[in-house]
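The form predicted on its own is given below as one chain in structure tokens.
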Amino acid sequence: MSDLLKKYNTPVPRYTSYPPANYFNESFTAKDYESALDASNASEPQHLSFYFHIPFCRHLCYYCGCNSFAMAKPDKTDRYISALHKEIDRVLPHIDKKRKIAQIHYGGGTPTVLPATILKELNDHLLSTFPHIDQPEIAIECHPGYLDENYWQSLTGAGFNRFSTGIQDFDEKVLKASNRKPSLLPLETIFQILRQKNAGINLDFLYGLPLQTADSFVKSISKAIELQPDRLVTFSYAHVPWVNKRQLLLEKTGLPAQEEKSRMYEQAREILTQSGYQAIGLDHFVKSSDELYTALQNRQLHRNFQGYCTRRTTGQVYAFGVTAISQLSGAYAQNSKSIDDYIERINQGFATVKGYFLSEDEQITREVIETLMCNYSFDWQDLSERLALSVEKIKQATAYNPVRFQEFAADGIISFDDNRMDIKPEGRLFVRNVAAALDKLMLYTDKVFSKPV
């Protein structure tokens, strides 16, 4: 494994979307976004997925690469919430009212800095306009460091049925070095509140932080397993100080060596799978009863900006708020990264500042890479039937070259032939490298990416 790490631990896209966001350009305008909104009604998937970006945090964690800001004064927060409602009202006339909501997701920043009543009003604004599928996923990212019992209970009353709780690590020394506050309540208390409402519970962890070791991280994961969350996520910390200079503060304490970081992942994965959790993608682990695992078994696992999902909950993503990215079938559109600029733009029209129209080849490549990233395999004929295109057309749209993939096969990362490709279990850590070899944009790129591990 160490030899493979040396060879393949090179910067490549994360492929949580395709093309990656650093390909977006400023020639994409608000008018383009309106056109893409209208066109989305005739595109698949037909389900709706809505995203709200809440950029405020009570304090800023050093590791965060998100577009987040220290908590603003009440007047500015109120203006931001008002702008969110205005943006909804600008977008909704472009969407067919017969389409159904499959997902509503809140990210940040820290969405739970807002009163639950405000979050409920945003949910109701959408749910009162569109029908929804049976059991839509209404999810929120939670920082447990400030939330008391009343707040957790009020979230369940606001319509949320899935809670992603950012633990990161149970070791308070690691949290202090990262400027992260530990949970205010014992997690057992939080679980009891949410379980009473039959809510889904995700626990999120981050590996590669200062003072973490493989042994210490496994202790945190073992403690999490005792709580039996529905889903558990082990994110790899991406050190990109050129994106967020706060990350430079972590270098003062020192980041773990690459080999140690790799051991964190491998040992966490081992103990999770031994405890009955099933691996989904690179970083998610779910119970065998989870619909994500069923989708993986059926090779129907999918992903959008909200994360892994099934075909049942898959939707084009319509995003609201500062820096929010809408992920439509034929285009991406991103809002302004400045809160004041976002509010000013929304008061006049749309807040789009950049985006990307996907060519036909890029839409095809997106399907191939997405299928590989989610399911660790793809069958050319299955893709042909799903896309109603010939296998040859699909291969020509990508950078597929059998000679390049023979090298992956020789290194034990994949098995492949003229009909299909499979990532071997021991090669899953390098699935992003395999995906990059299918990507024509990577043939002549000047973009900067993070390392896979």
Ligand SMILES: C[S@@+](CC[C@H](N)C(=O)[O-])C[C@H]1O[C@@H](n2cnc3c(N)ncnc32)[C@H](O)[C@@H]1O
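Sequential numbering from 1, following the sequence displayed. These numbers were taken from a predicted model, which means no experiment stands behind them.
What follows is about the form predicted in complex with this ligand, which we do not show.
Within 4.5 Å of this ligand in the predicted complex, a heavy atom is found for all three of 66, 237 and 247. With this ligand left out of view, the stretch that reaches within 4.5 Å of it through heavy atoms in the predicted complex is, among 188-196, 92-100, 106-114, 363-371, 106-114.
Among heavy atoms of residue 260, none comes within 4.5 Å of this ligand in the predicted complex.
Looking at residue 141, you'd find a heavy atom of it within 4.5 angstroms of this ligand in the predicted complex. This ligand is not shown here, and in the predicted complex it never comes within 4.5 Å of any heavy atom of residue 212. In the predicted complex, this ligand sits within 4.5 Å of a heavy atom of residue 205. Scanning 375, 316, 168, 306 against this ligand in the predicted complex with a 4.5 Å heavy atom cut-off leaves one residue, 168.
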